[in-house]
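Taking the form predicted on its own, here's one chain by itself in structure tokens.
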């Protein structure tokens, strides 16, 4: 069903921030029973970025936000809402968004976090869309930021080879228009029955932090990779088709797909099932790995920077993450 709102929600500027430290597959060969060829053939990843001491989701997120604000020509005082999408918050509380707000000096904004892991940015975009299209806010900042390296078991080659750190951001503005533009629609979904497929089992709410839990590596990522692959392709394709159908558009109308950068095999399978040539799919997985909730905004920013996305283009975002969560977003640039 298509809903007509009083306003459009336009993306005015994008930005990203990647840590300087590069961890290559050759570096991992020194400590793991793996090889550059094995990693590239199974994932498409050659290297990833790793946060330095003192860097965090808030510091990376704030840098990405500054770039997005600068490109949008928007003063920080104009920002009314900051949504930070992260599964690696600086601390349990307060929210990472409040640290970002302080770093930016965005005194006029409300700020909060959401946690939908890799799907976080699309979920955050969906929240921003509602606030803007209904007229509640005029300017919203959505940030995806992760320091996944803090959650890795660096002895587990099935997980630590996949993930990297980084942040991406977009500035959205409410605009009056008779024709739909900007974010046409977002579609988000969850299936808690599959929560154990990707999980960091340690916590503070169910069980208190303990030395034993740390020794048992309960605060590192556990993943059923094979099962995740199968459901990722299915759900990302379903969500993508729903977004197009909701807006009376077809796959032929698409200019660019910006998928979650989890695994090259997943990206290729999604493109194949959508019958979209891989050349129309934004890929930077080889250089950054899976940056979780930062994945799509980093890739979106890069696609804008390199001229892959231009005004008027129809852009599809599609993702699956832990939860399970998944979704898609359709944007008329």
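Just so it is clear, the structure is predicted and the values come from calculations on it, not from any experiment. Positions refer to the first chain, counted from 1.
The form predicted together with oxa(dethia)-CoA is left out here; the points below concern that form.
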- All three of 33, 162 and 290 touching oxa(dethia)-CoA in the predicted complex at 4.5 Å, heavy atom to heavy atom? yes
- Message: Can you tell me which of 33 to 41, 66 to 74, 298 to 306, 275 to 283 lies within 4.5 Å of oxa(dethia)-CoA in the predicted complex, counting heavy atoms only?
- Response: 33 to 41
- Item | oxa(dethia)-CoA: the contacting residue among 106, 81, 171, 198 in the predicted complex [heavy atom, 4.5 Å] | 198
- With oxa(dethia)-CoA left out of view, choose which of 187, 138, 157, 241 has a non-hydrogen atom within 4.5 angstroms of it in the predicted complex. 157
- Query: Closest heavy atom of residue 229 to oxa(dethia)-CoA in the predicted complex, within 4.5 Å or not?
  - Reply: yes
- Message: With the partner left out here, check for me: in the predicted complex, does some heavy atom of residue 225 sit within 4.5 Å of oxa(dethia)-CoA?
- Response: yes
- Given that the partner is absent here, does residue 51 sit within 4.5 Å of oxa(dethia)-CoA in the predicted complex, heavy atoms only? no
- Message: I'd like to check something about residue 266: if you look in the predicted complex, is any of its heavy atoms closer than or equal to 4.5 Å to a heavy atom of oxa(dethia)-CoA?
- Response: yes
- Task: Let me know which residues along 293 to 309 have a heavy atom within 4.5 Å of oxa(dethia)-CoA in the predicted complex, or say none if there are none.
- Result: none
